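Consider the single chain below, provided in C-alpha cells and representing the form predicted on its own.
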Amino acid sequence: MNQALLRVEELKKHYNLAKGRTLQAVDGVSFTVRAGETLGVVGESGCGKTTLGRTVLRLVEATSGRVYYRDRNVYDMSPVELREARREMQIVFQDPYASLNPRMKVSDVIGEALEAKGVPRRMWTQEAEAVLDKVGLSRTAMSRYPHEFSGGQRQRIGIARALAVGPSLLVCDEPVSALDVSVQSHIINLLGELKREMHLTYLFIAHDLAVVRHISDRVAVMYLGQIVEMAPARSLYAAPQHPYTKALLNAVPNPDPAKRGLRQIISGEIPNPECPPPGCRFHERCPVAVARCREDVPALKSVGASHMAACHLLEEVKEID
C-alpha cells in the first residue's frame, strides 16, 4: 500500500466576522491521501469543501490543525520552503476563465509556471508545447488569448499550467462544475489519463456525487464544515451509511424511468455556518433523526472495512448486533 502523501489532522478554518460572529467554514477535518490515490470531497454548496482545499494548500491560513505533505507540516514551513513545496502541490480552479490572465497569451501563462520551476527561458517553447500536448491542445494555442477558447479548452489550459511545474498533488476545486455537461466527461477522462501517465495524486472537490464516481478511489462526504462519511468509492455508492450521503445519492438523476419517482430529494436549506445546529449538524434536515441527534455530536467511527460514518443511529444498530 502506498504511503500517505497528504495527511490532514483536525483542520479548522473559522472566519471572524463583524459583531463578534464566527463562520465555521471547516471545523475539525481529518483525512489522508495516499500517493497515486484520488480522494473525492463531496457536499452541497456552502459545506466548506473549497475552503478545505485552499486551506490544505495554505492559500488561506488555517485557524488550527495540521497539514502534512510528505510528512512535513505545511504550516511549519518558511515562505521559501512553502514556495518550494507548492511546485509539487498545485490547484486547478473552478472557473477556468477567471483563473487565467486575459491579457496573457497561453505561452506566457505556461511560461510563468515554467519560470517558477526554474526552466531556462530557451526551453520554454519546447516544454510548453509538450504540456499542451498532454492536455489535448495543439501548439497553435500558444499564440492565442484565453477568450479565444471554449470553456473546456480554457480548463485544459488551467490544467496545463498546473502540470507545467511537475506536481505530485493536484487539488481540483470543482474543475468541471462551470462546464457544459457534454464537456465534463472529457475533462474527467483527461484527469484520469493524466493521473495514470504522470502518477498524480488528486484531492478532487465536487458538489455532485455522480461527477466523482468514476475518478475517485475514496470519497469523503462533507456537511457544514465536517466529514460525515468516508469510504472506498465502491463501498460508498453501493452501501451509503449516513442519511446525508443517502440523500445526495437519491438526488442523482436515474436513467431508469421506473425508479425516478422513488427518489427522495433532500429538503430544507443548509444551516447558517455562523451558528451550526447543536448535536449532529444534519439533524434539522434528517428524516430519521432522534432526540440524541439534537444533543450529542456523533464521532466519525468505523462502520465497516475502511468505511467510516458519523451517525448515532449506526452506533445503536451496531450495539443491537
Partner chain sequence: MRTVSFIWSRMRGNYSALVGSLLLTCVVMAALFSPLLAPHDPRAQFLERRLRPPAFAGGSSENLLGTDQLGRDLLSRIVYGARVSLLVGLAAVMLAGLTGIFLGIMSGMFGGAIDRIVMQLADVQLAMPFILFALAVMAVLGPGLRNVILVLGVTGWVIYGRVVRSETLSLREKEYVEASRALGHGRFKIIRRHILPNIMPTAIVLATLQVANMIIAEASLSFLGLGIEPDIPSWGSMLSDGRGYISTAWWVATFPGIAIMLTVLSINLIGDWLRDSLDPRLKSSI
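Numbering follows the first chain given and starts at 1. Since the structure is predicted, the reported quantities are computational estimates derived from the model, not experimental observations.
Although it is not shown, the form predicted in complex with the partner chain is what the next lines describe.
- Ok, 35, 59, 290, 252: which has a heavy atom sitting within 4.5 Å of the partner chain in the predicted complex? Partner contact (heavy atom, 4.5 Å) among the options: 59.
- Task: Quick one: from 83, 196, 214, 122, grab the residue that has a heavy atom within 4.5 Å of the partner chain in the predicted complex.
- Result: Only one listed residue qualifies here, and that residue is 83.
- So which stretch, 67-75, 101-109, 126-134, 196-204, is the one near the partner chain in the predicted complex (non-hydrogen atoms, 4.5 Å)? Going through the listed ranges, the match is 101-109.
- Task: Determine whether any heavy atom of residue 239 comes within 4.5 Å of a heavy atom of the partner chain in the predicted complex, and answer yes or no.
- Result: So residue 239 does not count as contacting the partner chain.
- Query: Do residue 89 and the partner chain come within 4.5 Å of each other in the predicted complex, heavy atoms counted?
  - Reply: Answer yes; at least one heavy atom of residue 89 falls within 4.5 Å of the partner chain in the predicted complex.
- Task: Report whether the minimum heavy atom distance between residue 93 and the partner chain in the predicted complex is within 4.5 Å.
- Result: Flag for residue 93 set to yes.
- is_contact(residue 54, the partner chain) in the predicted complex, heavy atom dist at most 4.5 Å: Residue 54 belongs to the contact set for the partner chain.
- If you look in the predicted complex, which residues in 123-148 sit within 4.5 Å of the partner chain (heavy atoms)? Those in contact are 145, 147.
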